[in-house]
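One chain comes next, on its own, written out as structure tokens in the form predicted alone.
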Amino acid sequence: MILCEEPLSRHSSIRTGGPGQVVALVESTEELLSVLESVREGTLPSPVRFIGNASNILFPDGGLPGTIVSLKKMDLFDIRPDGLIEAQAGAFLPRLAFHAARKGMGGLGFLSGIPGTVGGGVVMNAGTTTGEMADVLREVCLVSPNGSMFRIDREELLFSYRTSEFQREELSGKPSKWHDCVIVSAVLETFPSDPAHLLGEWERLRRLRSETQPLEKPNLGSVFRNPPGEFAGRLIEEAGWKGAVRGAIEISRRHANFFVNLGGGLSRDFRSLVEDVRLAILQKNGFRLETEVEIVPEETPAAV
């Protein structure tokens, strides 16, 4: 499905963002390759940006030019008898963890607390205190801008805390080895375990998440990475910023490392809070907090 001047707020878990020039909702690798071919031919505009559930991306209020390719409808996965799971990039992580638990396949319980997709989870090495994608990933299948497909092993992704080789350019300014490639699927490893135990753990983590995070309001998950030996939420709360509001964006009163949309919020208010909190923590504690959320800069002035 191709949508023109589509509000990106409809595709964001925090419900902010202006119009995307073109949004392509693809449901298969074949449809993805067709969209990329149309971009190369000039039928669809460039540049190309790929998104999944957009649960950790802040879109700009002024919108984005080019073609935004959403992979969230590529959500199938195959649970194999050998303990491996091959999942498309758009597979929702908590759903994947639930079905693995039902089959007695352990190791994926931590995914129940991450409201993202397989592709995005690999890119940012998503995780919780009980595990991360680097622990369970075996390999990924990529598509390059020219439409070629290839597989790479986990070792080539250079995982570290909440990041991977895919984010090298964003974090260091150096080009990523896989620049402009997109993940279309991933193979995850599991181990045999008791289904009843796994389902109980899945439910426990789901309940814990609902009790400690503001899931009832639109948000982007944890805003900042935890600095070494600290928790960003605790630092923000101790600095007095918990509950602060800018426009209709609030630093959650339930968890200070979550910013929530109270209704009609704007990305610029989110960015403003990020910068003020970052400065406050730097002055008070000496830590420069780095964002876990991907903040896409404004390219076009937003209408007011």
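These numbers were taken from a predicted model, which means no experiment stands behind them. Numbering starts at 1 and follows the sequence shown.
The following text describes the form predicted in complex with a small molecule, which does not appear among the structures shown.
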query: Which of 272 to 280, 33 to 41, 238 to 246, 48 to 56 lines the interface with the small molecule in the predicted bound form (heavy atom within 4.5 Å); finding: 48 to 56
query: Contact residue in the predicted bound form, chosen from V182, L137, L205, L158 - any heavy atom within 4.5 Å of the small molecule; finding: V182
query: Residue among G107, G83, P115, G104 with a heavy atom within 4.5 Å of the small molecule in the predicted bound form; finding: P115
query: A100 within 4.5 Å of the small molecule in the predicted bound form, heavy atoms; finding: no
query: Interface membership of L215, the small molecule in the predicted bound form, 4.5 Å heavy atom rule; finding: yes
query: Partner contact for M124 in the predicted bound form: the small molecule, 4.5 angstroms, heavy atom; finding: yes
query: Exercise: P227 in contact with the small molecule in the predicted bound form, heavy atom 4.5 Å; finding: no
query: Heavy atom distance at most 4.5 Å to the small molecule in the predicted bound form, all of S9, L25 and G66; finding: no
